[in-house]
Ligand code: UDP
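One chain is shown next in structure tokens, namely the form predicted on its own.
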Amino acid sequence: MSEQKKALFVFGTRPEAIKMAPVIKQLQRQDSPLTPLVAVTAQHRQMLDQVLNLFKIEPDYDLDIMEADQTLTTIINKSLTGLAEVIMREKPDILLAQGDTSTAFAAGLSAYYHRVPLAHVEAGLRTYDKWRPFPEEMNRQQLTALADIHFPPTASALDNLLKENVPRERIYLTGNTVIDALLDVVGRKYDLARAGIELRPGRKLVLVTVHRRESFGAPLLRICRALKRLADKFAGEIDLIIPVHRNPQVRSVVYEQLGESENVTLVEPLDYEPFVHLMKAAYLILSDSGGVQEEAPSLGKPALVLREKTERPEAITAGAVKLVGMDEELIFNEASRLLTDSAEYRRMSQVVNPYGDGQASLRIGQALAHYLGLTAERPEEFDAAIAH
């Protein structure tokens, strides 16, 4: 066995923490040839901290960059400055960035500036529209250019990388680590009353989340109008629960449009554990979240995606998810159909999840060891066709 090497994990938001946690835990096991180090930017302070606590991860470095009304420029500048000190002190053998946040892009750029190999977790997602989603699409394309080793979660993400001339030997198809995290948390006992949520017996729960920049303004207003019509049409049958994002551009519209509806409950953003169990309890999910598109099929929950474009087409192709955009009529009609057409609901809820089998973090750990020359054998890759 070669000497122990250092793997530096850099992340700053809740989704990154959720998807990095299983990999960190994998490398913390005694038989791992890699020592994990964790540097958080805290791009999202409170939402990050609750995930760190849930998975019992203690950062080695906390840049604590979050500030009121922060801009993309300040996130990048402060992350680059803080990470330079961390990298120069630790001299990691490899740096891992996840997904497509501004923290991830800054981490990739820092690795490049300091000549540290970069591993990109959840690589190869694309819409090929630089403005949808903004700024994530360009962040992830730039990370592909910077990365030395790529961990696409699905075959279509791998195909995107190959089309962009990434060498196949630098790509390891792993599945998505969000499924590893989800299966961990959904298996824990949790009472939603702890989060102040009471479910009414005999009623179908519709869970809604909306937070993306491209939804702000008129699109969000159309979404809320569709939700209001749903709440009114199925007043005696459904309850809508909406964790409302803290951004004022979201809160003002949601509270104005839906605050008075008897069967709509507006709650503060939920920690990951209660949110997972709320998804589990839901009948139908409407969301513009990338993670929810991956998680809902694992829980057998049909999902309507409130976006014009998605970088996660696999569940749409499989039939577990529908893209309804921000069109009031389409949202209302498709949700109504799933609330009344039991055959269509059953078809969507029984689709095999194309995103993972709960073993992505194990494959990433093996791939890192292979890339760094710590093991000779290339690990087996994820195959959705045989994973279930």
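Not measured: the values here are computed from a predicted model. One-based numbering along the sequence shown.
One more form of this protein should be noted, the form predicted in complex with the ligand, which is absent from this view; the next part is about it.
Visitor: Examine P243 and determine whether its closest non-hydrogen atom to the ligand in the predicted bound form is within 4.5 angstroms.
Guide: Taking the distances in the predicted bound form, the answer for P243 is yes, it comes within 4.5 Å of the ligand.
Visitor: V116: heavy atom within 4.5 Å of the ligand in the predicted bound form?
Guide: No, V116 sits far enough from the ligand in the predicted bound form that none of its heavy atoms falls within 4.5 Å.
Visitor: Consider S298 of the chain shown here, and say whether it contacts the ligand in the predicted bound form, taking contact as heavy atoms within 4.5 Å.
Guide: Although the ligand is absent here, S298 would stay clear of it in the predicted bound form, with no heavy atoms inside 4.5 Å.
Visitor: Residue-level question: is F234 within 4.5 Å of the ligand in the predicted bound form, judged on heavy atoms?
Guide: Answer no; every heavy atom of F234 is more than 4.5 Å from the ligand in the predicted bound form.
Visitor: Within 4.5 Å, heavy atoms only, which of I87, V254, M279, V264 is in contact with the ligand in the predicted bound form?
Guide: Partner contact (heavy atom, 4.5 Å) among the options: M279.
Visitor: So which of T310, S215, T209, N160 gets a non-hydrogen atom within 4.5 Å of the ligand in the predicted bound form?
Guide: Of the candidates T310, S215, T209, N160, T209 is the one lying within 4.5 Å of the ligand in the predicted bound form.
Visitor: Is it the case that R14, L270 and G291 all touch the ligand in the predicted bound form, with a non-hydrogen atom of each within 4.5 angstroms?
Guide: Checking in the predicted bound form: R14, L270 and G291 are all within 4.5 Å of the ligand.
Visitor: Taking the partner as it appears in the predicted bound form, which of 160-168, 225-233, 183-191, 282-290 has residues with heavy atoms within 4.5 Å of the ligand?
Guide: Stretch with heavy atoms near the partner: 282-290.
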